[in-house]
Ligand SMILES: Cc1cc2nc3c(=O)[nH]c(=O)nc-3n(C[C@H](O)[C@H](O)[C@H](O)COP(=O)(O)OP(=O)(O)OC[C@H]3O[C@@H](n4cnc5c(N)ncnc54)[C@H](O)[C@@H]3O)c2cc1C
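Heads up, the chain below is alone and in the form predicted alone; it's given as structure tokens.
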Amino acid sequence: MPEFDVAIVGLGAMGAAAAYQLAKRGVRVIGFDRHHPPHTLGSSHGETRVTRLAIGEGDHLTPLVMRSHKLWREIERETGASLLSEVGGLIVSSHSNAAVTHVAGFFQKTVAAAERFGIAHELLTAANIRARWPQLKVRDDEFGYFEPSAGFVRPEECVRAQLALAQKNGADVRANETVLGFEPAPDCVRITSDKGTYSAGKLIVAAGPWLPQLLGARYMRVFKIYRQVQFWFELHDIAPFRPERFPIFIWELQNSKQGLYGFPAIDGVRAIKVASEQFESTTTPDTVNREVSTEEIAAMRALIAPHLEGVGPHCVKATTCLYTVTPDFGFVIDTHPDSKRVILASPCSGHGFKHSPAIGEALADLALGQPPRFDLAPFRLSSRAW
């Protein structure tokens, strides 16, 4: 059997970051992905992902994203890729919002995180928002939080750049190879794929939406998979929506349990990406409907119309992606309950890509038995009351 120090299952956001961090330390690492990353069948695609430094989902996450911004810049310098755009980020909410972004009190917790970590920000009235971004049709009783250092990262380019660096540093990247199972032993972990059998000292399982089926039935209630849809709608005029004039936004709406988030028009395309989130019905990566229906497009068009000025009715394109979500919307970064040689990495819950470079560092530390840069106690599976 081929022998490696560390094996990684899944080479999306977290797996690619871990592969790069391990390889640059001289570790013998092998990574598997059932498709050819970056691809459109998991969670790490769709041209853009939101990044923000003040994290309303929990103060323990802000150090991760602050470190990630530094790592994105390092990777940009090494590869020449454009990964991070700090165009600013606006969160709109109210005292009567029906929509909730992942956790209760998201807006107030975001402000508290910004104050605690000294992150530059502004608190805005509805009049302030309308004056700066008339594209957003906010109500009089709505208010905003603006963070200049927020923005977006490009998920496909991030995965591609880190895998390229991992291979440059000696990583063995196995695309289009499906891991069927693994078996911990006292001195190694044996990994079986559809193309062979391998041995590694440690195994990182970062399989995203394929994680529950790989771990087995006992984890189905812990990691639930939800189908999400991303839409691109035409613009009447691209100028007001260019990155220098329009931020990323997250909007906790008053008249819908579904919030709304979106991005500026990038790369000269006269369209903006907008989306909502749904957590009503679960799916699997093998059974999910990857087609976007005309009814779904019409529903998003109806959600946009009262809130965005200058966005046309024509949907330029739409695509699906998959969220792997825990009951508390938190991350799991922990060793497997049955073996210290197996590390579980399921950090996304719909808000994880922004943290992925720093999580890759932490996974490398765990795999090598080194003290992580961050306190990983909040991410332990064993400490959660599920």
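In this text, residue numbers run from 1 along the sequence as written. Quick caveat, the model's predicted, so the values are computed rather than measured.
Just so it is clear, the following notes concern the form predicted in complex with the named molecule, a form of the same protein that is not shown.
Asker: When the named molecule is placed as it is in the predicted complex, which of 84-92, 290-298, 207-215, 134-142 ends up with heavy atoms within 4.5 Å of it?
Answerer: Selected stretch: 207-215.
Asker: Counting heavy atoms only and using a 4.5 Å cut-off, do 10, 49 and 178 all touch the named molecule in the predicted complex?
Answerer: Spot residues vs the named molecule: full contact, yes.
Asker: Though only this chain appears here, would residue 348 touch the named molecule in the predicted complex if you measure heavy atom gaps against 4.5 Å?
Answerer: Answer yes; at least one heavy atom of residue 348 falls within 4.5 Å of the named molecule in the predicted complex.
Asker: Give a yes/no on whether residue 322 approaches the named molecule to within 4.5 Å in the predicted complex, heavy atoms considered.
Answerer: Output for residue 322 is yes: heavy atoms within 4.5 Å of the named molecule.
Asker: In the predicted complex, does residue 360 have a heavy atom within 4.5 Å of the named molecule?
Answerer: Outside the cut-off, so no.
Asker: Can residue 352 be called a contact residue for the named molecule in the predicted complex at 4.5 Å between heavy atoms?
Answerer: Residue-level check for residue 352: yes, a contact with the named molecule.
Asker: Could you work out which of 35, 28, 340, 60 is the residue within 4.5 angstroms of the named molecule in the predicted complex, going by heavy atoms?
Answerer: It is 35 that has a heavy atom within 4.5 Å of the partner.
Asker: Can you list, in sequence order, the residues from 37-65 that come within 4.5 Å of the named molecule in the predicted complex, counting heavy atoms only?
Answerer: Contacting residues: 39, 42, 43, 44, 49, 50.
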